[in-house]
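Only one chain is shown below, in structure tokens, and it's the form predicted alone.
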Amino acid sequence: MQKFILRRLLAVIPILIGITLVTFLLMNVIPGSPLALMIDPKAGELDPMAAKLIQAKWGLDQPLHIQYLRFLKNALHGDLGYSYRFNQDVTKIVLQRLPATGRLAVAALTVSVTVGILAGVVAAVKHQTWVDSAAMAVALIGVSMPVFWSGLMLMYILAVKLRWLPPSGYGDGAFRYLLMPAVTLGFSMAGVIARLTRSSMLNVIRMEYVTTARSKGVSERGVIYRHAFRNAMIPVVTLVGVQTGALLSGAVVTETVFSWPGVGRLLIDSIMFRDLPVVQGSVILIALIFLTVNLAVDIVYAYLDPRIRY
């Protein structure tokens, strides 16, 4: 098991380097200059000599590969650079936004996993009944509906019309501010989990060892939850890990729609202002979370099915 985990950890290193390289190159080839953030708009055009001094101060006058290697070296020491826009350390800015994104991600993941697995198991047990059809219809709606549209619809119904919940913002961190963003983000992922859970459960229920358990007099509940459920969860666990990445990317849209002060909204604002250090820091953080979750999924997957270790 230790060798299995070590191999997965070593595989993370080139992936993370590739992510930082692609992000760095993309932010440097798009039109515009970060110098615009460093001058007062009322001052008019920047003097060429002053522009050279600013570029030299921030290292923008050096070749791209030198800038990237310097960034990579500093990042290994925990230094993600200095924000052009906020004039603060990037690590500090990103970590300040991380708790809000963490709350939203955990709440959305809880909604999606709970609703998705429950709906999938019930649909499989009630196969070819109206319960099965209704559960899969709702799952299909969740998969098909864009996150920004479902968020706006919830906002219109629950906040504007019924006035049950605040329309947006973080407020004082109360649960009522978290509810709509979490449901919006979790519902789309729940549909995918429900469909896979149903399919996996139906495959397992038809296997010989399940039939043998029934022939021995094991109750139907025992057959479902003691024999079928664990084996059916192997592909579902993998999907949850993959969907966590989609959840983080969806959080960028959800945080923008609901004015949620997390890393996703910070990333969008920084891209608009070409604040390259903050963009890189945010992307690296999201990538680290994604890779960590996938590593955890691989370990759980190997625990559920020991054959995977070999």
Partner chain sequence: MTLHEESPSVAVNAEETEKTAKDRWAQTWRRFSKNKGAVIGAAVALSMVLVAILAPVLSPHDPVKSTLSDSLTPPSRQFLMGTDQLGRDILTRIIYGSRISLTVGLVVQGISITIGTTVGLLSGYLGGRVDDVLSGVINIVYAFPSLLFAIAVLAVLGPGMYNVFIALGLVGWATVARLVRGEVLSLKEREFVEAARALGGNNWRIVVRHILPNCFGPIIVVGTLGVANAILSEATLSFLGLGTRPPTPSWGSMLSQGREFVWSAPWMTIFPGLAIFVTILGLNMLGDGLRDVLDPRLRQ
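Here the structure is a predicted model, which is why all the values come from computation and not from measurement. Positions refer to the first chain, counted from 1.
The protein also exists as the form predicted together with the partner chain; that form is not presented, and the subsequent description refers to it.
Asker: If the cut-off is 4.5 angstroms on heavy atoms, which of these, V237, A134, L202, M145, is the one near the partner chain in the predicted bound form?
Answerer: It is M145 that has a heavy atom within 4.5 Å of the partner.
Asker: Within 4.5 Å of the partner chain in the predicted bound form, do I19, R195 and I286 each have at least one heavy atom?
Answerer: Checked in the predicted bound form: all three residues contact the partner chain.
Asker: Whether I141 contacts the partner chain in the predicted bound form should be assessed with a 4.5 Å heavy atom distance threshold; does it?
Answerer: I141 belongs to the contact set for the partner chain.
Asker: In the predicted bound form, does L266 have a heavy atom within 4.5 Å of the partner chain?
Answerer: No, L266 stays farther than 4.5 Å from the partner chain in the predicted bound form.
Asker: Would you please decide whether Q67 lies within 4.5 angstroms of the partner chain in the predicted bound form, comparing each non-hydrogen atom pair?
Answerer: Because no heavy atom of Q67 falls inside 4.5 Å of the partner chain in the predicted bound form, the answer is no.
Asker: Give a yes or no for P99: in the predicted bound form, does one of its heavy atoms lie within 4.5 Å of a heavy atom belonging to the partner chain?
Answerer: Looking in the predicted bound form, residue contacts with the partner chain do not include P99, since no heavy atom lies within 4.5 Å.
Asker: Out of 209-217, 77-85, 116-124, 155-163, where are the residues with a heavy atom within 4.5 Å of the partner chain in the predicted bound form?
Answerer: Selected stretch: 155-163.
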